[in-house]
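Read the single chain below, which is given as structure tokens and is the form predicted on its own.
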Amino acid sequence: MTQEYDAIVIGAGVSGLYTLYKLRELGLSARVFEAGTNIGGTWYWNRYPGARFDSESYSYQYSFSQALIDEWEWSEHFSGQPEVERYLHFVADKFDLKRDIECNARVATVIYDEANKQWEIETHNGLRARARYVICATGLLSAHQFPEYEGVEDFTGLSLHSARWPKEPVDFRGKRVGIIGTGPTGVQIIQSIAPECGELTVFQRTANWCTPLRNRPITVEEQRKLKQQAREIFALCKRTWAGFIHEPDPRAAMDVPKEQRLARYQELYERGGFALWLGNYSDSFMSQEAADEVADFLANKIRERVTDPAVAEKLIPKHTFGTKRCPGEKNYYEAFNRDNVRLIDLREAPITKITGSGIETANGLHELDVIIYATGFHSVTGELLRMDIRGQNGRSLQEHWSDGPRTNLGVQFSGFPNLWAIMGPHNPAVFCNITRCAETNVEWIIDCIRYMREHGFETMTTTVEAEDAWTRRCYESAKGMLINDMQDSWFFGSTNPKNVRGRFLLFAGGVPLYRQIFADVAARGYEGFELR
């Protein structure tokens, strides 16, 4: 039996829950299809030890309901996964969202019926539904992946992926544990489990510039002030480049005396979170000289904190500071001072294969009881391409993106009427404080649907010309920035199939400009989109 709705939402994470709320507000019938056995998206799947916000809790929370802001109290400045998951359940229960959510329902196909101007979806477990509108709330980092090493399936011990962590606690006591990956996830896991493991071997593919998180409990007085200042916090996020609470110094770094620059780096380092990354000088994303100076500052911090000089040098990244998202850490570097922790630099001794008993590198076999893969995702495009999405003339999204993703405003693709992606390629969400960008994108998409219904339009789809123009604009947005030289990062699709690699997947013009572009396009009657 095929159920009929006005709208279908794919995904019940931060974006999907808000989309359902806004569709209901518009008076539409809607159904959310979620692959997990419960809601939460990122905060359902990523329950590994140490998983927590890298943006301040009170800047990440939803802004659409004052009652919600008043009722919920965060316990920490950077809350952990269990609390974030509880928060999303609190939101879903407060607004009675769960009755319209189908869990354990991973969408397999999304097929457009041109005759009836409807989309039909089918899940892997056989559920079918039809709707006029489909909104993909599938996230940026949700299609997890294992590395392409020989023998991954051969290991006879316990294999874990950070994005598919078991709900039951894992006991590492006395175990020989190996972890592959030292990105933000790997950093959180390593510093959390190091004291518990019998032995912990860290297989580092790429060192990252980590900055202290400086997490701590929120006091009663802080709680009161944060609620009073909530609207000011959201307004601040709206005017910053990436939607965080950190505003840069308007001066260029080298216009400031060196002594003052170093003092500011120390101040931002002590402040914690993304302060040193996003609250630095105004040209920190463009000036190689400024970025190198911050890198030297951080490298010296690593040398001060790691007792073995050889290990310290391996932990110092080789890439330009600021061109990758900075993992937040508490005692990550101190973990490598422990007798039970050792570091294997895979640039010196690459992994040759996974065996039944452990990980074999160029310098020998490392016997293990547990292997943890903190090896990331098919970024941005992954979950969209894992579904079989077919638009007009039966053309698949895989075909449409055969030469890399093409979008208009990061939310629509030509030939796919009434289908939107909240966190698709070519929007600023990768840099963004996710909820701040999610709310903006959801509200714009819902306004599209409202406009269509008020003006008697049945379908909306981007024109090919507008799609080509926006895709070019996104490529251009990286030029002049240091990030443009980081072609091996996942911002350029390095973790994706070959046809995506080398294509800049973001819009680097910043959140305020993106919001203004949204407003301008809407004000001109959705210029660049065909309404019928």
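Remember, predicted model here, so these are calculated numbers, not experimental data. Start at 1 with the first residue shown and count on from there.
Form predicted together with a small molecule: not shown, discussed below.
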Worksheet, complete the sentence: Note: the small molecule not shown here; in the predicted complex, the stretch from 24 to 32, 40 to 48, 61 to 69, 465 to 473 having heavy atoms within 4.5 Å of it is 40 to 48
Fill in: Heavy atom of each of Tyr149, Ile180 and Gln188 within 4.5 Å of the small molecule in the predicted complex
yes
Practice prompt. Go through Phe377, Tyr281, Tyr112, Phe234 and name the one with a heavy atom inside 4.5 Å of the small molecule in the predicted complex.
Written response: Phe377
Worksheet item: Of these, Arg264, Arg86, Arg214, Arg205, which has a heavy atom no more than 4.5 Å from the small molecule in the predicted complex?
Response: Arg205
Discussion item. Contact with the small molecule in the predicted complex for Arg347, defined as at least one heavy atom pair within 4.5 Å: yes or no?
Written reply: yes
Worksheet item: Taking heavy atoms and a 4.5 Å cut-off, does Arg325 contact the small molecule in the predicted complex?
Response: yes
Worksheet item: Is the gap between Arg503 and the small molecule in the predicted complex 4.5 Å or less for some heavy atom pair?
Response: no
Worksheet item: Applying a 4.5 Å heavy atom distance criterion, does Phe492 contact the small molecule in the predicted complex?
Response: no
